[in-house]
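Same protein, same chain, two forms; see structure 1 and structure 2 below, as structure tokens.
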Structure 1
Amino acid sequence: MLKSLEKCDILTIAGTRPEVIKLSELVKQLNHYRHVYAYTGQHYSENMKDIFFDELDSSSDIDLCCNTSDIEIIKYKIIDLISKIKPSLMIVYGDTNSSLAGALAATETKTKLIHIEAGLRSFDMRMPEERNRIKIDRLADYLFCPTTLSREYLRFEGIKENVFVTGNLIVDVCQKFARLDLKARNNFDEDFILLTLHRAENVDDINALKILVIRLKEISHCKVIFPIHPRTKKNLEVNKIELPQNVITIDPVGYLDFLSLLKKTKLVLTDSGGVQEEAIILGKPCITLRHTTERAESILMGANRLYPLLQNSEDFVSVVDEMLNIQVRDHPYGKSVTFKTVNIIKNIILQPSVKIHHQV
């Protein structure tokens, strides 16, 4: 249910599981203001939405029930909501279709726009996420960067005003729930590698899946835990591709169960941007199964390595053994991020016309 159809200060838009997770602590603090949190329904199955709201003790005020990733459909739903509650500010996060739809809706309705997680770049224009984030950054009135590197990317693109380095909101969420005793949430010992895979170039490409199997066989001395997405499982079955015996598949898991696995693992193999961040925050080395990443800081600090399945002849066993010996002692994503973010939003509400350059 919607809190009120009266004018509000802030409208926050989310539509996917990662956004629900990353925004969960921030929206609780924004509720001290006249704030409406709208969920678009881009991810609408229960295991992609409800379980994460429940585990994170978070909830949206309204579900727009778009049940699609179509940007135009989501945009017009958001425009309709804006016409009812007339927010002074809209917040969007990251690079999803829901975020781009929100940014376009804000522009069309002349609503001031905050983009959280601004300035990330993979420099791969084949990725829809890369195209989305560049468009959102160009539409945003205020840009909240997770790191100084992402701020520098914006500076080179000519975006210099109202840019803030706040840190990454996932730090507060990840560290809060990682402090819980999560060991009982799975029965695995701590001698395993955690694998996550969801990108189309990996799971919808038969050749990539076949190479994945070859690489996993090459590390047969390592146990691999693989929470497998139904689409990936179906693609393996349809193409009669069998995972090796050292790989244990489990059903997709909620956020707390995932953190319990992440806390125990020795090494992460992933193609997810968010999982790269969470691994580094919890001190786990990572191999990213892509040829680019928008989390370059983790590469520069040696905690992450790129290994594209279709474009790499480098010995996988050597890469895995090297990364298993990496000690991750720090992360580049800031501290007290929610507190810093809320304070800047409060100042924007009080002084919306002030332009500030290169704020840290």
Structure 2
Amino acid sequence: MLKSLEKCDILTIAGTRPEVIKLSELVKQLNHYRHVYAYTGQHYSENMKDIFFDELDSSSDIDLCCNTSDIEIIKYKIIDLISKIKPSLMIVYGDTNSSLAGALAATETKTKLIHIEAGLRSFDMRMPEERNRIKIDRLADYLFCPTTLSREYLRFEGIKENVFVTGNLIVDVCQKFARLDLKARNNFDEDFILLTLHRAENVDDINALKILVIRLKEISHCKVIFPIHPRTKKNLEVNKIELPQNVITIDPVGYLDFLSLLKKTKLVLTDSGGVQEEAIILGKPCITLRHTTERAESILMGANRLYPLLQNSEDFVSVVDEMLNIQVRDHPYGKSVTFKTVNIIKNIILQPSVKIHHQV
């Protein structure tokens, strides 16, 4: 439910599972201000949306119920909301279609825009996320980078003003909930590999799916737990692809169950951005099933390896064995990130160019 349709100062937009998770602690702090948290409804299934609001004790003030990733549809719903609540400042996170729709809506309504998770680059323009994040960075008035590397990418693109290195909000969320005793949340013994896969380049391509099956058979001595994204499930079904017996598929799980799996696993196989980050934060080695990543820091630290399903000539079993033996001791994503982020937002609010109607 919308708090009120009166004017607000800050409008935050989320639309997918990772945004709900990563913004959950920040939103709690922003709620001390005149803040509206709007959910676009790009992800709409109970196990891709509601469970995360519930478990992370977060809730949106309005659900725009778009039930689509169509940027124009989402944008017009956000513009309609902006016309009612007239925020002085908008916040979008990351690189999804909802984030781009929010950024375009901010630009069209001349609302100041903060982009959190700015400056990530995979240098693969075939990925919708890469095109989205570049566009959002160009539209943003304030750019919050998770690492110094992302700030450097922006600098090379000529974006130097109002760029802040804050760290990655996932650190606070992940560490807070990983501290809980989550052992009883799954019955799997500790000797398994955790797999997630949802990128178009992997799951919309029947050849990539067939190679996935071959690679998973090659590690038939390892049990693989695979919480399966709806997009992936649909494509496996449509293409009648069966996964080998060492793979246990489960529906997408809530955040606490996922963290319990991450804490127990020996190794992560993924094409997810967020899962690459959480793996290194929780000290787990990772193999990223892509030919590039916008999260190069963990590769540079030796905690993550690229293994593109379609192009790899390296022996998969050897790569898995090698990564199973990697000790991950550090992560590049900072500390007290929510606190730092809120402080910078406070300073932005106090700038004369951002008109806030009452002192915060």
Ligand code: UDP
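Residues are numbered by position in structure 1's sequence, first residue being 1. Worth saying up front: this structure is predicted, and the values here are computed from it rather than measured. We call the rigid core the largest set of C-alpha positions that still match within 1.5 Å between the two forms.
Assignment of forms: the chain in structure 2 is the form predicted together with the ligand, the chain in structure 1 is not. If you overlay the core, the Cα of I241 moves by 3.2 Å between structures 1 and 2.
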